[in-house]
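Consider the single chain below, provided in structure tokens and representing the form predicted on its own.
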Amino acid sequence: MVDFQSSTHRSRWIFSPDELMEKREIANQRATKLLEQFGVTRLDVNVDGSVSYPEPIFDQKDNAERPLPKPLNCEEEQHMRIFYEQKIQEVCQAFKFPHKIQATAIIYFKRFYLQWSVMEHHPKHIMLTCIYASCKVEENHVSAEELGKGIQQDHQIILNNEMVVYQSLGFDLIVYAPYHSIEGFLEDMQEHFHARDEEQEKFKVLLQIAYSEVDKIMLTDAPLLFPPGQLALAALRRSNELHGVLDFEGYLNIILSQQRSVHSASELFEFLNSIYSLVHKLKIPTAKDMRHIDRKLKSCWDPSPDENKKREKRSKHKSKRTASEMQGPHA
């Protein structure tokens, strides 16, 4: 199996903060233009992964007389993404999926919304498809019917969005999650510090708290900015700060010397600090926040009932474009 250093995860899906901002602004601006042009932002997805432009729901006279719905801004889109990333964690926990499936699904979801706005593809639909795709890739086979039934959603939505998700990911489906790295580092720590039998329980606590810390990290932009090994070390450092099991700085110096790392200890600590700065800045949207944002999204997605009927009459003439054509050049 390809390791992280030579993977597409490293070469194509690790970005700078400015690059993330630019991609999200482009997607948001594209959806806003759709709203201005058509009065609606929802894109219909075809099974082959192509998408259909919406038909205009207002004529030019209507546009002059009635105000358009307000588009979501980038901050509201971020709240919506975080909300559904939490939902991915909840669904995966309900199905008792391994941590790897949860992490892969969240990374797919994050990558998808670097290409698209939540105004174009509803995150509830994409969330389900990302979980389904993650199960397939990680060989934890669950049918779309079983997944849909378990959370009382139409399984056909999952299948309809499957190809557009794969295309938006550039078919880069192998991802590296920090959970496995945590286990590897923990075994290494036990060996370095010659952990006695009576100390094993402390390391088990360190592991479980580190898992919880990674769950928080996965809701930030850190998985798109840092390699999984650094995410794992950040979670272990935080866990150790809470429980004081070992000399963490001493351990980092040991592994840096052994691996002949290109980073110094001070640089590595700077990276770990940056990761936890993102966790501290993470704003979990409140129920009030989500009600307001959801109302705005619905107004962007769904015209009034009367306009919907007009739109259906014109639907035969929809133009189709593939996901890659809609997005422009790939990341």
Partner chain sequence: MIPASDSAGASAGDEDASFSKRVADRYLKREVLGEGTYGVVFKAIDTKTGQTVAIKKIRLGKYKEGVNFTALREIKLLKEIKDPNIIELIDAFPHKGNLHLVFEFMESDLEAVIRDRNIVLSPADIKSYLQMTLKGLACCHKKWVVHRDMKPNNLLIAADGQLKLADFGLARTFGSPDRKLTHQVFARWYRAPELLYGAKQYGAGVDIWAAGCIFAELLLRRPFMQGTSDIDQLGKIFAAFGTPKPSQWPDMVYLPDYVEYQYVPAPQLRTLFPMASDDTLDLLSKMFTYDPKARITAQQALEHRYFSSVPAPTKPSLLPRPPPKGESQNNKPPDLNSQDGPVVFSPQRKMRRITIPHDGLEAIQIDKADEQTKEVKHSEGAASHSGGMPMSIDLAVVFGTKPPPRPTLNSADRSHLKRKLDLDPDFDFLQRE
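Residue numbers count along the first chain shown, from 1. Computed from a predicted structure; not experimentally measured.
What comes next is about the form predicted in complex with its partner chain, which does not appear here.
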| Which of 275-283, 46-54, 292-300, 27-35 lines the interface with its partner chain in the model of the complex (heavy atom within 4.5 Å) | 46-54
| said: I'd like to check something about residue 196: if you look in the model of the complex, is any of its heavy atoms closer than or equal to 4.5 Å to a heavy atom of its partner chain? | reply: no
| query | Would residue 174 count as a contact of its partner chain in the model of the complex, using a 4.5 angstroms cut-off between non-hydrogen atoms? | reply | yes
| Taking heavy atoms only, is residue 202 within 4.5 angstroms of its partner chain in the model of the complex? | no
| said: Would you classify residue 144 as touching its partner chain in the model of the complex, given a 4.5 Å non-hydrogen atom cut-off? | reply: yes
| query | Which one, 252, 137, 114, 225, lies within 4.5 Å of its partner chain in the model of the complex by heavy atoms? | reply | 137
| Exactly one of 102, 167, 239, 181 has a non-hydrogen atom within 4.5 Å of its partner chain in the model of the complex; which residue is it? | 167
| Is its partner chain in the model of the complex near all of 3, 12 and 163, within 4.5 Å of a heavy atom of each? | yes
